[in-house]
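Next up is one chain by itself, shown in structure tokens, the form predicted on its own.
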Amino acid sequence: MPIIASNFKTNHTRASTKEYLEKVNNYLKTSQNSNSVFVFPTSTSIDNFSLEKNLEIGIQNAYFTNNGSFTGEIGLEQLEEFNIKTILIGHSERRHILGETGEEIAKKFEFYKNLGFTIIYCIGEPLEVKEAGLDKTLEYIFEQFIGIDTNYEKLILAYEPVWAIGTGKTATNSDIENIHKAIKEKIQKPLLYGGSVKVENVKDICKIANVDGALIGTASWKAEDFIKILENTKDLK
């Protein structure tokens, strides 16, 4: 069954997140949908939610520390309060907008790997790399695995072409198929696609060879739309 994940980014409040999760949880309770579903709210919206076993809350970002003097960050102590055991690492917005280096990302990965977290690890390329061709694209992508334990049993990968995130542009099916095939030949882990996935195209994307699900931003921020996405993918193998 597909893995379907929603990344709220810097959207929703504590109240609207609770309402959203109630709607999605009620759908899963009655729909016999056995997808693995992840939701990544803002850190201020995390709470102790009572959820179906196939719906899991993750954190979008956390520092590689238990606690300490790291102004503006959260660490393991804050995650343990709400039994959070899933984290998103390496998202392109943290790499390209917030300046996270490969070295910092690898440290974060190692810290949360050693704690047994499920890690959704994001890789992808900017437009100028894509335009340089498939070989250059793959070279760029595989450099993002330096310092990353790709044998980690709780690793999920997410391929997100940077030029397709929040732009309305989606990679062609052949683009997705070629990249996913190349990654899967080297790393046999669940591999999601992210980048302008919508209600209308999610089923076709998830049917592409070597695509094991989707990591979705904008199109998942309304509970009703996310439920449609889950409904559209529930019968896929």
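Here the structure is a predicted model, which is why all the values come from computation and not from measurement. Numbers follow the displayed sequence, beginning with 1.
Beyond what is shown, the protein has a form predicted together with a small molecule; the following relates to that form.
The listed set Val197, Ile179, Val37, Cys206 contains one residue whose heavy atoms approach the small molecule in the predicted bound form to within 4.5 Å, identified as Val197.
Of the residues Pro126, Gly75, Gly166, Gly116, just one reaches the small molecule in the predicted bound form with a heavy atom at 4.5 Å or closer; this is Gly166.
The small molecule in the predicted bound form comes within 4.5 Å of no heavy atom belonging to His12.
With a 4.5 Å cutoff on heavy atoms, Ser16 does not count as touching the small molecule in the predicted bound form; it lies far away. Residues placing heavy atoms within 4.5 Å of the small molecule in the predicted bound form fall in a single listed stretch, namely 189-197, out of 27-35, 171-179, 189-197, 49-57.
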